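Just the one chain here, the form predicted alone, laid out as structure tokens.
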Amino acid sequence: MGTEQTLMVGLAAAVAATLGSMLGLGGGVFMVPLFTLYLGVEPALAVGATAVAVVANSVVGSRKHLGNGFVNVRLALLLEITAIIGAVTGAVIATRIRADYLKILLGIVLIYAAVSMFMNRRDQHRQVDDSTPDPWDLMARYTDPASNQIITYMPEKVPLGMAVGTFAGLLSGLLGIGGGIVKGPTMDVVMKMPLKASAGTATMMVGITGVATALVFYRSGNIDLQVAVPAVLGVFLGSSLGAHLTSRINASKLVVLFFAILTFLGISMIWSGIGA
């Protein structure tokens, strides 16, 4: 891989990480399409490099989200129990499946995430107080810098969230995207969490899932350092910026932006997969 392509991989990773951190999608959901469609990276190597970069994105982005109080650590660890199982399974399958099938699958997932987020774009979480029953001990609060309001919430339908987490982990393993594309919308739509809390929590979770995924890709020989290293460096630049922007931008505007980007990338991936 030449110097120009290396720089472009780093730049694409920085842009992807910025976007991914803003809604807790992990960045991988943007990196795989950008690497394969526009930079000529082989799909298997793109997925492997992305799996590594997602971990770096999570580490950097989580630090900012933790400082803002957006991360529900107890919930993240609980949901990761099932997500890791799915991630290892998906990564093993990914080493044995055709690249064009992966592109089509990722395209479908991108469009699903775009539509689900747009349809539920208003922050409709249920405001709670300390007297609300909390059987899972998951109630949390944070101060939203954009509105200067104290937001108190409690995740709902936790068992369903864990079940969906298995599917999120499976996608993480198959596509190297960290599973944030499912985890974020699940916490937002199913568990009725505020958008910024679901984004912060998902950012932490994708790193945990990504470690399991990256190990499987490493053992299968699908991690090329010429792609992975500039991707990780780009992620370090972009993820902190994305986490900072999350605290400053109105949540509904974020969702509209992501709807447009995810829909475009999803259609592009499906078209490329069918063409292959």
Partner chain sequence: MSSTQLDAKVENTRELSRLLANVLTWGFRIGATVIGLGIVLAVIQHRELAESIGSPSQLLKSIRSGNANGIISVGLLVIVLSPMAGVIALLRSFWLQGDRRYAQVSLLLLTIMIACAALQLGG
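This is a predicted model, so every value here is computed, not measured. Positions refer to the first chain, counted from 1.
Keep in mind the form predicted in complex with its partner chain is missing from the figure; the text below concerns it.
Between 105-113, 69-77, 180-188, 163-171, the stretch whose residues reach within 4.5 angstroms of its partner chain in the model of the complex through a non-hydrogen atom is 69-77.
The shortest heavy atom separation between residue 195 and its partner chain in the model of the complex exceeds 4.5 Å.
In the model of the complex, at least one heavy atom of residue 137 sits within 4.5 Å of a heavy atom of its partner chain.
At a distance threshold of 4.5 angstroms between non-hydrogen atoms, residue 63 is in contact with its partner chain in the model of the complex. Heavy atoms of residue 249 never reach within 4.5 Å of its partner chain in the model of the complex, leaving it off the interface.
Looking at 214-241, the residues that come within 4.5 Å of its partner chain in the model of the complex, counting any heavy atom, are 214, 215, 216, 218, 219, 221, 223, 224, 225, 226, 228, 229, 232, 233, 236.
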